[in-house]
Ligand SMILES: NC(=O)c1ccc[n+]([C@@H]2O[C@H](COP(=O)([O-])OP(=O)(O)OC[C@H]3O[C@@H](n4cnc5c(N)ncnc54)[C@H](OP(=O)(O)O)[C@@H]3O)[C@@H](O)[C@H]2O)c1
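Take a look at this single chain in structure tokens; it is the form predicted on its own.
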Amino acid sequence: MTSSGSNYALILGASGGLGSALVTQFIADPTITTVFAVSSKGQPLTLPVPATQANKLVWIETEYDEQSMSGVVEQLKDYAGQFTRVCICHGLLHSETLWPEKRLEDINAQALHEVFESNTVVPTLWLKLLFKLLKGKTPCVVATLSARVGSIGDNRMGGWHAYRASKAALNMVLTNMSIEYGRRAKNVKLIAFHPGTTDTGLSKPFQASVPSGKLFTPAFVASQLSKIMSSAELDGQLLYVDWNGQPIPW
């Protein structure tokens, strides 16, 4: 691969439902030279990548501790200043050992740590480590998966303490980062993105209560996010929007 005159996309957390859809979305984008996909798992066998475009994809496996993540950034150093799209797709709502809390008695210290690690700590570390790759003259838009339930102003129901709090904390981190990136890397725009209820493993146990027409395919959400990123203004301000580009109250 040559880095001369190239535009690169970087998907972090690429093996999840939305991450995989974003990989496919950017591979199909003729303006993107190469898509770097990073995950803790290998490339999914079901990833729909046309044979004619397979050479656009580079898959990198990593653990999500800071040392391993630093190693990923080191691998990408030859492409510094040429990334135009970055998507941070990490997120944890439930697992085999934890479940969203419905009442105070359900709060568990270990679950809090796990949820904050995935939803807040890992994206924060990526934004710290990626700075030297993204800073430059090439306009670069970075979208991180937030959630509407991370909005303090929009909270009417309570519950889901760890998930809500971790996404609210992520929003604060992104606000901080947008201020610092705005001073030190004016070519970078940050977005906190709410994908809506997307048909992935994260939402699977809760889909029965989703209103008709409000359960979105990963491909649809990836397309919507791509449009939002394409129209984003490099103004040094954090954008907090949903899948339809509508602003969400903090």
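Nothing here was measured: the structure is a model prediction, and the numbers come from that model. One-based numbering along the sequence shown.
Quick note: we don't show the form predicted together with the ligand, though the next part is all about it.
- Segments offered: 174-182, 127-135, 141-149, 100-108. Contacting the ligand in the model of the complex at heavy atom distances within 4.5 Å is 141-149.
- Not displayed here, the ligand is kept clear of residue 53 by more than 4.5 Å at the level of heavy atoms in the model of the complex.
- Proximity of residue 9 to the ligand in the model of the complex: non-hydrogen atoms within 4.5 Å are absent; the residue sits far from the partner.
- For residue 40, a non-hydrogen atom is located within 4.5 Å of the ligand in the model of the complex, even though that partner is not displayed.
- Contact between residue 162 and the ligand in the model of the complex is not found at the 4.5 Å heavy atom cutoff.
- Of the residues in 177-202, those that come within 4.5 Å of the ligand in the model of the complex through at least one heavy atom are, in sequence order, 194, 195, 196, 197, 198, 200, 201, 202.
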